[in-house]
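In the form predicted on its own, a lone chain appears below as structure tokens.
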Amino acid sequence: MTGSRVYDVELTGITKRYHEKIVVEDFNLGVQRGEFVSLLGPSGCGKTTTLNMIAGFIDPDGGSISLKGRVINGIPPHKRGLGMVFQTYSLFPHMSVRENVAYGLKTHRVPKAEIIERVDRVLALVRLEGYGDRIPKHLSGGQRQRVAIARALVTDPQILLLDEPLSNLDAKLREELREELKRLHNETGITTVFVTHDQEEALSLSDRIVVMNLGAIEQIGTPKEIYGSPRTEFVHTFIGRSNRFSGTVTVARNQQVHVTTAGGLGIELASVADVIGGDEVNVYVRPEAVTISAAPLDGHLTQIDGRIQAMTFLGAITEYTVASHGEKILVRVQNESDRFQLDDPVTCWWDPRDALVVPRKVAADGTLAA
């Protein structure tokens, strides 16, 4: 995977088992200098285990972990030169903010004058000037998390590891701290690996996202690639919302695929590899990829006639639910005053290339998966 490139963090063939259960399997990732990479996935997918293996709290059962080209398997956490921010802050309750931030420097016997200078610098960086004498119980959740970030940064770590640092905050604080993390990364340029189950956090913060499921990587890509060009069914359904249509391939020739649902809805698609006539498939389309109008579009293959069944105002956008042939099509559009009303007849379409087609799996008893 490396070739001649030296990554700040590189995981090669990492595997972790607990008894017979594989938690992480054949995990390969290279994080470039200054990059912000998020490990994203549902609970139990192996993302925190992967982060803890980078940190040295857990030993992999197979594979190697390298920092800046040096294999660190077996090296204890405190000798890896990493900064770690936990979900639960882990501050010393009896120490002041300044003492908490300075703790790592004192254990490394940094001179007192340098400790003062570095603590002042990092408190300013996280915008906590004037809070040095307070103790954690007198701080808000957001302020405590900033102290935890400052404590991780003050030692000038090679890599910053963040384990769901925003999950214990309310929605408004999460948004504020998310912006702070983005600012801090832009200002420091520190290579960062971030664990989250929140897709909005990952999309807004990351240079690249690693989508994980059941201990394996589903897809690695930029936020735009992950959202706009999901490669697997899991990524399409886990990231954002999608329309799903289940049907049968009735035409598959000449770079054209036609799928018909049980209710008779016909969907035209671009050529799809490994799909033939008679296959049972699921078709996924993002609501943002669907166009809606009051009149049909001349010559467009993928046109679906229906009626507005529901409307939801969401500020900058409106969400329409269009009923057609027993299916419900979710459409998201930028707001235009009173564009459509309930029960209006409409036509929907999308670019066939914006659809993901996935063969439906057959269970052992011969039934189709949902």
Partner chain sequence: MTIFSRRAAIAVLLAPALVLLLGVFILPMFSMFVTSLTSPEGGLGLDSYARFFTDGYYWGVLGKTATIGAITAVATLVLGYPVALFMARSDGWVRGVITFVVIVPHLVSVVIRNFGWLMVLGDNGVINSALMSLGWIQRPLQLLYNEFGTIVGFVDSFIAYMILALAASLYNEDPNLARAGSILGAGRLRRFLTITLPLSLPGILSGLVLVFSLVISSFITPILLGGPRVTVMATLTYQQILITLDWPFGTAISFILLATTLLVVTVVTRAFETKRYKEVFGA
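Numbering follows the first chain given and starts at 1. Treat the numbers as computed from the prediction; the structure is a model and nothing was measured.
In what follows, reference is made to the form predicted in complex with the partner chain, a form of this protein that is not presented.
Asks: Considering 311, 323, 55, 317, which brings a non-hydrogen atom within 4.5 Å of the partner chain in the predicted complex?
Replies: Selected option: 55.
Asks: Tell me, which of 78, 112, 224, 172 has a heavy atom within 4.5 angstroms of the partner chain in the predicted complex?
Replies: Residue within 4.5 Å of the partner: 78.
Asks: Flag residue 264 as yes or no: does it have a non-hydrogen atom within 4.5 angstroms of any non-hydrogen atom of the partner chain in the predicted complex?
Replies: No, residue 264 stays farther than 4.5 Å from the partner chain in the predicted complex.
Asks: With the partner left out here, check for me: in the predicted complex, does some heavy atom of residue 83 sit within 4.5 Å of the partner chain?
Replies: Result yes; residue 83 sits at the interface with the partner chain in the predicted complex.
Asks: Does the partner chain come within 4.5 Å of any heavy atom of residue 131 in the predicted complex?
Replies: Output for residue 131 is no: heavy atoms all beyond 4.5 Å of the partner chain.
Asks: Check whether residue 93 has any heavy atom within 4.5 Å of a heavy atom of the partner chain in the predicted complex, and answer yes or no.
Replies: Residue 93 belongs to the contact set for the partner chain.
Asks: Which single stretch, out of 175-183, 202-210, 83-91, 226-234, brings residue heavy atoms within 4.5 Å of the partner chain in the predicted complex?
Replies: This holds for exactly one stretch, 83-91.
Asks: Considering only 99-126, what residues come within 4.5 Å of the partner chain in the predicted complex, judged by heavy atoms?
Replies: In sequence order, 99, 103, 104, 106, 107, 108 come within 4.5 Å of the partner.
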